[in-house]
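As structure tokens, one chain now follows by itself in the form predicted on its own.
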Amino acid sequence: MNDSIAFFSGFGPKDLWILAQAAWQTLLISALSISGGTVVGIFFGWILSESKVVGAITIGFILDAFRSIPLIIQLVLFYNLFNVIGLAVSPFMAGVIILGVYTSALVASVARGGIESVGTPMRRAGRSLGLSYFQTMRHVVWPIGLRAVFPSWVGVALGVLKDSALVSVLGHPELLKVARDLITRTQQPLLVLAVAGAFYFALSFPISRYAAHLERKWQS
């Protein structure tokens, strides 16, 4: 009994509430980054799949660079770059922007694969029905192609949610940074990390379950 009391000493309901607020910050950063990055990534994926010009090659090279460079380096590098060029960007906004760009690079690769998976015969079928190029893309290619790579997009989204912990290096009070601060104060690393892990699970699990529900619904 005394060991159990000692294990929970120094960590109370107030600390749990602090972690919950930090989890909300993590959710905000992730949701904004994933939403913006997905839209931009689909656009870039479409350009890469449909265009063979130098511009598309350049975009592809830039996106490859963002996929290849560790995210923590990107966060530190671009956050300091913002300060160097005189842009007053908060750690929260910097995290959203950089994570959003990183997400767009990942989504572009996924979207490109989905668009290219729709064969020429299906595109020609759409054009034979009198659809324009953009109508064919909107009503034929994008619905089929993006649905095919939806599981891959879910994997990207869950990965970005977990990678948002790296925003802690910028000083923003998201879940990991607050957990580290609480560990320093309470000297209860196992308990604090277990609670933080439970919050990450609570944020991730509904996404994976809802995605599985959508996949079953589309297949039925």
Partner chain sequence: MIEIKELHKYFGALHVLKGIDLNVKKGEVLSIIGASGSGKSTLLYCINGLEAIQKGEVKVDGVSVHDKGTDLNKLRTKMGMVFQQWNSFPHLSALENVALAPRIVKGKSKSESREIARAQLEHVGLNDKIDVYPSALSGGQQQRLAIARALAMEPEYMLFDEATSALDPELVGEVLDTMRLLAEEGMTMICVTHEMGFARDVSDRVAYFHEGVMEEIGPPEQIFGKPESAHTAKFLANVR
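Positions refer to the first chain, counted from 1. The structure presented is a predicted model; accordingly, all values stated were derived computationally and were not measured.
Keep in mind that the form predicted in complex with its partner chain is not shown, yet the notes after this line are about it.
Looking at 130 to 138, 88 to 96, 70 to 78, 106 to 114, the stretch with residues near its partner chain in the model of the complex, meaning non-hydrogen atoms within 4.5 angstroms, turns out to be 130 to 138. For the chain shown alone, G126 is a contact residue for its partner chain in the model of the complex, at least one non-hydrogen atom being within 4.5 angstroms. Within this chain, L146 is remote from the site of its partner chain in the model of the complex, having no heavy atom within 4.5 Å.
In the model of the complex, its partner chain sits within 4.5 Å of a heavy atom of M122. If you take 202 to 219 and check each residue for a heavy atom within 4.5 Å of its partner chain in the model of the complex, you get just Q219.
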